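Quick heads-up: it's one chain on its own, the form predicted alone, in structure tokens.
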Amino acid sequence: MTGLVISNLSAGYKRRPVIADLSLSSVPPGSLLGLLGPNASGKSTLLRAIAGLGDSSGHVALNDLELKTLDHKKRVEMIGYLPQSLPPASPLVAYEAVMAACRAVRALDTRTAEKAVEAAFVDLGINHLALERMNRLSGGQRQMVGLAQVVVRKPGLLLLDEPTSALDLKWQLRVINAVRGILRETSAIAIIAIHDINLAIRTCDQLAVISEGSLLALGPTETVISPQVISHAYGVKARVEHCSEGIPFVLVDYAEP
């Protein structure tokens, strides 16, 4: 079966399980899955487990290939993982940081590697940062460079943990649009953990909502986003309205007692 399939995945810490027996039906190639849920619901743990970081049990398969059977080198070639933590504020210029990430995974000659790095900066709209030192960049700018370090490798699976959290509205949309462009070009799959429900509704192909380590809802926006799901996941009273284009959006009225 093509796409990403997760079966009975459990992960967490030795004395504190976080994800319990979670399964996702096939996420098709070329699609963007938005991962929603409150703080401490298990979003980051789920992404880390898919990436093969930390202790976990269960099965994760990408295009019928069981990821746990791969050696480290092949795994990092196939999976691009962007954690919440920012890239180090090192003396390297951004171009060097992205080139190092590219060369660490892809065996490319110098000119091909240079073209790949240049394309990553163009795709993300951060050419103006290429020769800036990492220790002089803002948090949002370093976050963009971190994303460039992932997309330059052209992985088959992108795992992005809140890549829009430090960005303003313009750059949030630029990140999403850049990721979608990569998916169209390569037929890769991306999972993006995101707190902005309305941004996720407008930009993702499918949504998955997790709460307390379990999958609460999965599917297209219209089947996932409802007052009941939002109440269960976030503990708030909310309404689902529709804009003039028929796209749903969430309005939160108050936090439930």
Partner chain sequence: MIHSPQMAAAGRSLSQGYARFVRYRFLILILMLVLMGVAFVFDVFTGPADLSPGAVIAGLLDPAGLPSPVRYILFNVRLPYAAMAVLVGASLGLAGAEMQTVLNNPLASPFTLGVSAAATLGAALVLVTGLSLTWLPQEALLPASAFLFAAMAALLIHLLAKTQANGADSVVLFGIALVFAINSLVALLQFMADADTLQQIVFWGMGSLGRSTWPKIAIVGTILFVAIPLSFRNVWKLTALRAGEAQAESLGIDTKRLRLTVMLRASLLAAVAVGFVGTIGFVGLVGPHIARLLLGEDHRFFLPGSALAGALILSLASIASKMIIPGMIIPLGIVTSIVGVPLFLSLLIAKEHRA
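Rigid core (definition): largest C-alpha set, two forms, superposition within 1.5 Å. Numbering follows the first chain given and starts at 1. All values derive from a computational prediction rather than experimental measurement.
What comes next is about the form predicted together with the partner chain, which does not appear here.
Peer 1: Taking the partner chain as it sits in the predicted complex, is residue 92 near enough to touch it, meaning that at least one heavy atom pair lies within 4.5 angstroms?
Peer 2: Judged by the heavy-atom cut-off of 4.5 Å, residue 92 is in contact with the partner chain in the predicted complex.
Peer 1: Is the gap between residue 112 and the partner chain in the predicted complex 4.5 Å or less for some heavy atom pair?
Peer 2: Outside the cut-off, so no.
Peer 1: Would residue 169 count as a contact of the partner chain in the predicted complex, using a 4.5 angstroms cut-off between non-hydrogen atoms?
Peer 2: No, residue 169 is distant from the partner.
Peer 1: Is residue 199 one of the residues lying within 4.5 Å of the partner chain in the predicted complex, judged by heavy atom distances?
Peer 2: No, residue 199 stays farther than 4.5 Å from the partner chain in the predicted complex.
Peer 1: Counting only non-hydrogen atoms and a 4.5 Å threshold, tell me whether 187, 194 and 222 all contact the partner chain in the predicted complex.
Peer 2: Zero of three within 4.5 Å in the predicted complex.
Peer 1: Within 4.5 Å of the partner chain in the predicted complex, counting any non-hydrogen atom, which residues from 89 to 113 show up?
Peer 2: Stretch hits, in order: 90, 91, 92, 93, 95, 96, 97, 99, 100, 101, 103, 104, 105.
Peer 1: Following rigid core alignment, is the displacement of the residue 89 C-alpha between the shown form and the other one equal to or greater than 2 angstroms?
Peer 2: Moves: yes, 2 Å or greater.
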